[in-house]
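Presented as structure tokens, the chain that follows is alone, the form predicted on its own.
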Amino acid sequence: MSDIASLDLATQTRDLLSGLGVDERRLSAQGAAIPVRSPVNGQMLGHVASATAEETNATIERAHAAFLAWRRIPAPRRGELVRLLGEELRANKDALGRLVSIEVGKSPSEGLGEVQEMIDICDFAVGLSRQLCGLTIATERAEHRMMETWHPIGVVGIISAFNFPVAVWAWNAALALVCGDSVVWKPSEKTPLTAIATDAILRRAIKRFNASGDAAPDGLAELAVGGRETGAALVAHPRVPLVSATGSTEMGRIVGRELASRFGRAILELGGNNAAIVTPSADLDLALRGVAFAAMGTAGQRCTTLRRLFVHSSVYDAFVPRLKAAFSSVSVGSPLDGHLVGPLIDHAALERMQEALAAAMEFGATVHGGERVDVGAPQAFYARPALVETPVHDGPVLDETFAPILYVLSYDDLEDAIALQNDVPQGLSSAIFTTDLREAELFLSARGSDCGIANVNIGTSGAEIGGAFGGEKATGGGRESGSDSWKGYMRRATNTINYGRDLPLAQGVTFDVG
């Protein structure tokens, strides 16, 4: 095991970035630069230049010019660029995965898993590039044909969060590129290095694409590293018809209002106060594993993290003590050394966790765990996951705290548990553990979970790219990744073609001018 404080993550980071083709001067910006620390030990990794609003606007103009050329490239050829991106990601998976672990504090398997998710969506998008199809629609008029056609929409703005610093970009960019759009990416200011590395990998793919005889226009995929000012410029720009934004519900309200004011479109993936239900018939061994990962994985910093658990009163005493034992024994420490629970992203996250636990106790809750764990690095913020037994579904239970806190409540009636699960502003992910077919189907029915993701006998986190990802209510309503999410990156046109000599009007209307 290594001494966390003495780990030279700055040198590792520079070596990784250099191997990925990033000029090390990108880490030594002067003036209004963004400081980048590793949450693993708090070490300063570098300073990255922050784009001004003027620079962001110029970036968007380049992307718009690129869109005008890229939309003319046939979709299967656009898919070839994404195929090459997938190849480059495969070749650089270890390096980028390690960088994710250093900059975000994820375990090595989670860092690699995030890059694998990027590879998977590239594979999905390549196939999709030959299947961007509309409908032929029956028409009431003789010798007419009616159809719908899907066209590229324009510049797609992508605003990503720290917890999945590169996968969310890939979900959006891979689809946008095959759909014929250009992209401008504003990554989290907490994790700009993985974005810079990903951009370098994409440049390699573009170089290979151009060498094959195709031409990806300059500005096709742009990176705008910066803070709130950069994001605001991206959201406000009239040349950006679509913004996909991942982050807090508060951020989504701001983005949504701004886009609505100019009739722009939004794909919002926001907060999730996710819940699971453990029924009397549940396989408790399976439920224990599913709940533990969903609640404690990534130190509770996934938007799909399990935050509320409803356990039937008949199995509460058999299940909850086992869960408490898992929470109290799970290893907390540097994820680079194999610990299962790594750091919170920063001191503010630890403070919010402690405030939520204090508020829960005011509502009569019993808190198990939740204390800060000293790893010998004062600027790194680790905490033992907290299991909170609470008598009421109220107070902090109703809020999403981005930390490893699991509120546990007892229930007697399944429909009451489902109603409580749904009784929060967000509607992202949910799960039920049961071997009763009726319970499972009720949970998945219109009377059941109101979330965008509803699972049976698996936890709330760990979604695959084949399904559409997103949620309802204050989660934003957007969908990214699989299924038919591609339609969000295109505009639809309905076409009617008259191949006869008459001009009949719909609905029997007549207008005969002789």
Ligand code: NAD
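As the structure is a computational prediction, the values presented were derived from the model and not from experiment. Residue numbers here begin at 1 and follow the sequence given.
What follows is about the form predicted in complex with the named molecule, which we do not show.
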Pocket open vs blocked [the named molecule transferred in the predicted complex by site C-alpha superposition; 2.4 Å, backbone or C-beta, 3 atoms]: open
Contact residue in the predicted complex, chosen from 276, 287, 365, 303 - any heavy atom within 4.5 Å of the named molecule: 303
Heavy atom within 4.5 Å of the named molecule in the predicted complex - residue from 139, 248, 212, 331: 248
Full three-residue contact with the named molecule in the predicted complex, heavy atom 4.5 Å, for 159, 227 and 402: yes
Close approach of residue 192 to the named molecule in the predicted complex, 4.5 Å, heavy atom: no
Exercise: residue 270 in contact with the named molecule in the predicted complex, heavy atom 4.5 Å: yes
Residue 428 within 4.5 Å of the named molecule in the predicted complex, heavy atoms: yes
Exercise: residue 38 in contact with the named molecule in the predicted complex, heavy atom 4.5 Å: no
Interface stretch in the predicted complex with the named molecule - options 410 to 418, 110 to 118, 159 to 167, 355 to 363, non-hydrogen atom within 4.5 Å: 159 to 167
Residues in 180 to 219 close to the named molecule in the predicted complex, defined by a heavy atom within 4.5 Å, in order: 186, 187, 188, 189, 190
